[in-house]
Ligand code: SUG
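Heads up, the chain below is alone and in the form predicted alone; it's given as structure tokens.
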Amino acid sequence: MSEVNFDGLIGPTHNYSGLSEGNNASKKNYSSPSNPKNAALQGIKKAETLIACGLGQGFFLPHERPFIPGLKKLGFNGTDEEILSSAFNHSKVLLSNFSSASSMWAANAATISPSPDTKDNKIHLTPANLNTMFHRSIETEFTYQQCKIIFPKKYFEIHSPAITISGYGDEGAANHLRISKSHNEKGFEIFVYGESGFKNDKKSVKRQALEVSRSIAFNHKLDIENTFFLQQNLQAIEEGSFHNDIVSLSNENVFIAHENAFQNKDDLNKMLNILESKIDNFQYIEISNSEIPLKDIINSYLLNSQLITNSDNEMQLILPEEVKGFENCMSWLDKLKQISDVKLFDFVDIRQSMMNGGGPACLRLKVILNDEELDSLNQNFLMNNERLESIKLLIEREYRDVLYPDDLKDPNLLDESRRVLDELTQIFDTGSIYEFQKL
């Protein structure tokens, strides 16, 4: 079994419109100028770091943005230029929602259970409905279609997105963990939720309902004895951990979490006792609040890093450069090397993503595959040197260096975005998959 990561290729409309409620970085950098070109190149460089570690690397294509068909559904009509102008004049926020490049954060694309965990020995995949945030909810259909193109029916069971309960959505792998002795052995899957969908609590935005998480686990045909449901710590949510992957992470036998990651310590301890009895060399590492305060965990994105097993069978952590600005986090990394299997560290510059609240773990969807499953994938979505070079040349030629949220009404940006997407469908050999290509 091996790990393949599918990152979200960052689109030409990458901007800071402050759309993500509960996301500190998104709100802090509202209306700042963005650099779509740097954002996309930084994302590719991060992916190349994973390739250098010996892991397979794929990309999801950007979504069509600004999404003119969505604006038409709301009654805007005329030429594309007229639609953009009317939508902007009616509501800047509305146009921003239909122009967001948020599909770049592929951790929210889906929840995936690898074949060793499922009763039918197929890989089960449920695209996230992302219904808590409107700008993300409009991603679901295109993500679903891409998954059907990439992942073949013979080995994959691709489910329809989960039903929404009382406005609670499903945020995908950002609220999902897997613990196992190794990738190829049956694992334990942990679903992290914010609240029950039937509890009326408006103090903070809780994006994942317990009932939604349970439905995904049932549909994935998981062994109930190997499946856990933990509630995310309410204080962590209120302070800016809008997804669980900001306060905990896992890879094979290693599980790292802040002491304020989960709400119910009894539930956590019961689960840990089971994992310790079932998994050889299970390592649970808890970061105390005195060691690193919750605020620093959230602001540094220390745990929104990618913990991987490289091709030399060594544990390696891919961290954002911002962690270097926190002395307590750097001291903890020195300690981690001494007390765990994690010995190697790489720091990556993904500042453009980080300014919108997305670290290394946000940018990727982790897929565990055996050799046959890996070979069955649509290879056009997996990266080689030639494909990566073609994508980088396209970005250098077409992406803007500076973009403000108000630039989203520029019809030239729409034309540029369509040229990019059209050429990407040629590089990935998908045929006409975007709405504008079908007109």
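All residue numbers are counted from 1 along the displayed sequence. This is a predicted model, so every value here is computed, not measured.
The same protein also has a form predicted together with the ligand, omitted here; what follows describes it.
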property: Distance check, E189 to the ligand in the predicted complex, heavy atom within 4.5 Å; result: no
property: Distance check, F262 to the ligand in the predicted complex, heavy atom within 4.5 Å; result: no
property: The ligand contact in the predicted complex: D245, any heavy atom under 4.5 Å; result: yes
property: Contact flag, T430 vs the ligand in the predicted complex, heavy atom cut 4.5 Å; result: no
property: Location of the ligand contact in the predicted complex, chosen stretch of 75 to 83, 101 to 109, 326 to 334, 118 to 126 [non-hydrogen atom, 4.5 Å]; result: 101 to 109
property: N15, S20 and G358 all contacting the ligand in the predicted complex, non-hydrogen atom within 4.5 Å; result: yes
property: Listed residue (R178, R136, H220, H258) with a non-hydrogen atom within 4.5 angstroms of the ligand in the predicted complex; result: R136
property: Candidate from I150, A174, I216, I298 lying within 4.5 Å of the ligand in the predicted complex - any heavy atom; result: A174
